[in-house]
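First comes one chain, alone, set out as structure tokens in the form predicted on its own.
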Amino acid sequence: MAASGEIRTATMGFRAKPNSMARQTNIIRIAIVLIIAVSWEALSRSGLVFKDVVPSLFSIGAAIGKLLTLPAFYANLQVTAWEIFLSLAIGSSLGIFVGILLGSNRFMSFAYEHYVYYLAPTPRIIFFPVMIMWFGVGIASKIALGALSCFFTVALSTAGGMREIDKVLIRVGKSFRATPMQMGLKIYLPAMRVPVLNGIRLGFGTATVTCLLAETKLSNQGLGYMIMQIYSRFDMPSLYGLLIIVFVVAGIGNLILGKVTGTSA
């Protein structure tokens, strides 16, 4: 009985520590946001910079409220969301396929994987002119560029996860004479679920950045295009407001993806 009581006490203490750590983390996050907000407002009112360059938080808040009532905002949001979704779907699918191929075949890994590593850090935007020539100036070129950006992250994460799979599982699959498709669906993907899903979440971030950047370069729709239109009018409160909205929307998308994949922190 005494031993059981000690184990129960230790278990309760173990559960209390993560809860306490979560509260401390939330307090620190809120404190950081408040410090940034107070510092921004103080800088805006100090007169050290032009008022239009660092507008008041109140004017930014009013601009956000105005943006959220504009039909054009939701139309552009829909375009960008569609681009990011298709980029993630295409890039992740190709990345998983190539990652499995590189991770499971020593010859393919030795022959081609170093090219993937060399190209992965390359800024994707330099391929944008090529994508325009191949797919035109519409959303297809943005989707292609976003898929390319997502591909490298997922492929490298998947290839790394393949090498961590227990060899016993692979031998069991081969002993049952599983086809390559069955090996991929029944053995490889379940065994490397975490690295693949983490790669997809990282791919979502890179696809989002790439699509928005491509929209700022050549587009007549999307949030990136809307940002440049506001900047051309030098409407700084609306510009900062739209940037905040984009940040929040991207954060919500990442949170939802984490919940769906079960990899949220």
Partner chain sequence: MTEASSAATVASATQPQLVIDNVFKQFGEGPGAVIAVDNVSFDVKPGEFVSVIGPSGCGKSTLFNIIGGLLDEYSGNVMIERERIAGPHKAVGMVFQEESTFPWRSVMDNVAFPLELQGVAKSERLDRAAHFIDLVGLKGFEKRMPFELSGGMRQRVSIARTLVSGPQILLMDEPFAALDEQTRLLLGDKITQIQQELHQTTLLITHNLTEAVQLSDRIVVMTYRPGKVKRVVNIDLPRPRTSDVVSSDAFGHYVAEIWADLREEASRGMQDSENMQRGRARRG
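Here, rigid core means the biggest group of C-alpha atoms that superpose within 1.5 Å across both forms. Computed from a prediction, not measured in an experiment: that's the story for all the values here. Residue numbers count along the first chain shown, from 1.
The same protein has a further form, the form predicted together with the partner chain, not shown here; the description that follows concerns it.
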property: Exercise: residue 169 in contact with the partner chain in the model of the complex, heavy atom 4.5 Å; result: yes
property: 4.5 Å heavy atom contact, residue 176 to the partner chain in the model of the complex; result: yes
property: 4.5 angstroms heavy atom contact with the partner chain in the model of the complex for residue 78; result: no
property: 4.5 Å heavy atom contact, residue 108 to the partner chain in the model of the complex; result: no
property: The partner chain: the contacting residue among 94, 191, 116, 101 in the model of the complex [heavy atom, 4.5 Å]; result: 191
property: Contact residue in the model of the complex, chosen from 143, 131, 162, 187 - any heavy atom within 4.5 Å of the partner chain; result: 187
property: Partner-proximal stretch of 79-87, 154-162, 176-184, 118-126 relative to the partner chain in the model of the complex, 4.5 angstroms, heavy atom; result: 176-184
property: Core superposition between this form and the one not shown, C-alpha change of residue 163 at least 2 Å; result: no
property: C-alpha of residue 126 moved at least 2 Å between this form and the one not shown on rigid core; result: no
property: Rigid core superposition, residue 172 Cα moves 2 angstroms or more between this form and the one not shown; result: yes
